[in-house]
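One chain is shown next in structure tokens, namely the form predicted alone.
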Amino acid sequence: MSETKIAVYPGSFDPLTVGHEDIARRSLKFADRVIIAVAHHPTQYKDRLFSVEERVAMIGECFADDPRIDVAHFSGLLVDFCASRKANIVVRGLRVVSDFEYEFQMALMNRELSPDLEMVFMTPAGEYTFLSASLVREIASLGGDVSRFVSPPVLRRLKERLRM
């Protein structure tokens, strides 16, 4: 019997975009399960719009149609979270070349900490290459229409939060 392939897709997801959803769903081509892991402490400074609990709830709604995708939150080292969930793959999305340098360094360190953990870099579908959560937050906070960049549960919460 073959080993179950569990992938962890970590990030801040503030908010989850359709680009994130694309990466998570396409990860099921090589993983049996995907755990979207919302970080309590992001590795890069970012202004937060939603609490970790709100993001977990939002993401859960967006993937309610697929029992192979779970959502959880974590703090501490990603490799420890992966070990606790028996995950053997980490998925990271790369939109632009500048993402690669940072992600590559993190992947090498994670390999040092956990040699059996495979790091998989994925590029988004072409129509999502420009999309980032920080751009969605900025556009939404300035009253712009972000409906094509996020799923309905995320849009609803953005409207509530920002009184759009």
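So that there is no doubt, residue numbering starts at 1 and follows the sequence shown. These numbers come from a predicted model, not from an experiment.
Below, we turn to the form predicted in complex with a small molecule, even though it does not appear here.
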If you check in the predicted bound form, is R48 within 4.5 Å of the small molecule, heavy atoms only? no
Does P153 make contact with the small molecule in the predicted bound form, using a 4.5 Å heavy atom cut-off? no
Residue-level contact is defined here as any heavy atom of the residue lying within 4.5 Å of the small molecule in the predicted bound form; does R95 satisfy this criterion? yes
Given that the small molecule is not shown alongside this chain, does L131 nevertheless sit within 4.5 Å of it in the predicted bound form, heavy atom to heavy atom? yes
Choose from 106-114, 132-140, 27-35, 58-66 the stretch whose residues reach within 4.5 Å of the small molecule in the predicted bound form, heavy atoms counted. 132-140
Which of these residues, E118, D70, D99, E54, gets a heavy atom within 4.5 Å of the small molecule in the predicted bound form? D99
